[in-house]
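Starting off, we have a lone chain in the form predicted alone, written out as structure tokens.
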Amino acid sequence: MFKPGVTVWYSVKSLQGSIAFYRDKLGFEVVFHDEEGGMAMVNTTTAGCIIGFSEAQEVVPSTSSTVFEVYDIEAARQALEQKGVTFLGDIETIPDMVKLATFIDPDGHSLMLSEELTPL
């Protein structure tokens, strides 16, 4: 019934600021930008995963996290911090399962890095 792929959509205060964050800090490719309509989309490095944005006057940050898998969470966090990405707290470890690190975008939307410790 479902096709492969997923699109996550966020309301943002500044379309240009969000594009800059997701493109320049996270390395995602802008695949759609309608400045007049106040919408944009980026293609993540995860096959079939797109993040979209709609400009809004009021934004309530999402507390649900979009989670990105990484091979080395410490190295990924360090690289993103060097680009000015803000992380919330330390890296959390769920023994024999996963390491997690939460960060936020310019609107306070929660995003997360995940390093798998054991194959599923």
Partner chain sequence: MDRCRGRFTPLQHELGIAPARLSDNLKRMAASGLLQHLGPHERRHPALPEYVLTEHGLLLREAAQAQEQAEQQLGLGRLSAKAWSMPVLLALHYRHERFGQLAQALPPVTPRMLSARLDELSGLGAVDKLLDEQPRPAFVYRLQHRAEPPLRQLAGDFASII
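Residue numbers count along the first chain shown, from 1. These numbers come from a predicted model, not from an experiment.
The discussion below concerns the form predicted together with its partner chain, not included here.
Point to revise | 72, 78 and 94 each touching its partner chain in the predicted bound form (heavy atom, 4.5 Å) | key: Heavy-atom distance to its partner chain in the predicted bound form: none of the three under 4.5 Å.
Exercise for review: Given that the partner is absent here, state which listed stretch (30-38, 43-51, 62-70, 82-90) has heavy atoms within 4.5 Å of its partner chain in the predicted bound form.
Suggested key: Partner-contacting stretch among the options: 30-38.
Check your understanding: Does at least one non-hydrogen atom of residue 56 fall within 4.5 angstroms of its partner chain in the predicted bound form?
Key -> Heavy-atom contact with its partner chain at 4.5 Å: present for residue 56.
Practice item. Give a yes or no for residue 11: in the predicted bound form, does one of its heavy atoms lie within 4.5 Å of a heavy atom belonging to its partner chain? Key: Heavy-atom contact with its partner chain at 4.5 Å: present for residue 11.
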